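For reference, the chain that follows is the form predicted on its own, supplied as structure tokens.
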Amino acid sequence: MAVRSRNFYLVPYLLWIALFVIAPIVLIVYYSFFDVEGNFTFDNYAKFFTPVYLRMTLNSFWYALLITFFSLLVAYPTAYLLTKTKHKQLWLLLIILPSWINLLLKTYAFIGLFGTYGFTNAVLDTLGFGRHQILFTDFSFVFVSVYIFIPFMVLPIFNALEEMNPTLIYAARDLGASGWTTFRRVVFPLTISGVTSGCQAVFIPALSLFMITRLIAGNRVITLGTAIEQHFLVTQDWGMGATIAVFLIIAMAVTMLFTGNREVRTKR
């Protein structure tokens, strides 16, 4: 009876997965086998392996890695300092709070900040450095992306640090380990699960960015997400857009499996 009741409660979850996860993926795979005129073809997959799309794929992975690296570089010390403060939950809330704001609004805010006559250039001009082209550069794209993804990196690392047994750090210090050695041999290995979760939460969506590339990078940065948007909304080549989406889904799945396996091995 208990097993039947538990299976009954699984029905809404299974329906949700089937309708909003499996069905869209099946549709994407289906559309990837058709050209602009609606004819069945494998040309879309052959076209993906041309230099143009392969270079676009490398760019996507490169920028996703950069965004993930800088997010981790900022988030880990931030999460560590949060665990040492008195009102840690309040500070954590203040860091997460910007993620509640609409992404488009935050992007437009940075357009105002980084524009030629924006606040950043006004400060640089006042300090005697003159006005510079900050918007529509690789720097502005990576900076804004890191700002947006930092909360998703901080939260899992903070949770991992909070769950860590502090007596292990005291034991390492008592045994004569320096601060760096304690971090490298004790703290970081014990929080690697939070790091992998944070990297997963940042790297996967960073692969498919398209709105920030449009508004902040000014199409100077072309990623797989940008190409998908272009094919679906501009060229109306849904088949090619779906093909790129298929490879993007595969890349995301491989990333999840890779980070998940590393987490399991670390726990063992």
Partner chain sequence: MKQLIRLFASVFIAAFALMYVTSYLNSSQGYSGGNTLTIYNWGDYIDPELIAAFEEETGIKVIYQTFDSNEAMMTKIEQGGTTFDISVPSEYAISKMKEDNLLLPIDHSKLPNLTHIDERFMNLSFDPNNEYSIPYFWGTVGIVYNAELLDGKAPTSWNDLWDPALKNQILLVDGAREVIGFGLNSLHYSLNDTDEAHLQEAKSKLAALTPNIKAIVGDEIKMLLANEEAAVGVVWSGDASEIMGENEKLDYVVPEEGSNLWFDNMVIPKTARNIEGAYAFMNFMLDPEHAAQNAEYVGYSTPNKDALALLPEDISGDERFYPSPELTEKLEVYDNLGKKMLAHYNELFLEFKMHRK
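Everything numeric in this text was worked out from a predicted model, so none of it was measured. Positions refer to the first chain, counted from 1.
Although not depicted, the form predicted in complex with its partner chain is the subject of the following passage.
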- [ ] Answer yes if any heavy atom of Y80 is within 4.5 Å of a heavy atom of its partner chain in the predicted complex; otherwise answer no.
- [x] no
- [ ] Considering only heavy atoms, tell me if A227 and its partner chain come within 4.5 Å of each other in the predicted complex.
- [x] yes
Open item on the list: Check V221 for me: does it contact its partner chain in the predicted complex (non-hydrogen atoms, 4.5 angstroms)?
Closed with: yes
- [ ] Flag Y53 as yes or no: does it have a non-hydrogen atom within 4.5 angstroms of any non-hydrogen atom of its partner chain in the predicted complex?
- [x] yes
TODO: Could you tell me if all three of R131, E162 and F258 have a heavy atom no more than 4.5 Å from its partner chain in the predicted complex?
DONE: no
Open item on the list: I need the one stretch from 172-180, 88-96, 185-193, 135-143 whose residues put non-hydrogen atoms within 4.5 angstroms of its partner chain in the predicted complex.
Closed with: 135-143
TODO: Would you kindly say which of V36, A46, L65, V26 lies with a heavy atom within 4.5 Å of its partner chain in the predicted complex?
DONE: V36
TODO: Using the arrangement in the predicted complex, list in sequence order the residues of 94-126 with any heavy atom within 4.5 angstroms of its partner chain.
DONE: Y108, I111, G115, T116, Y117
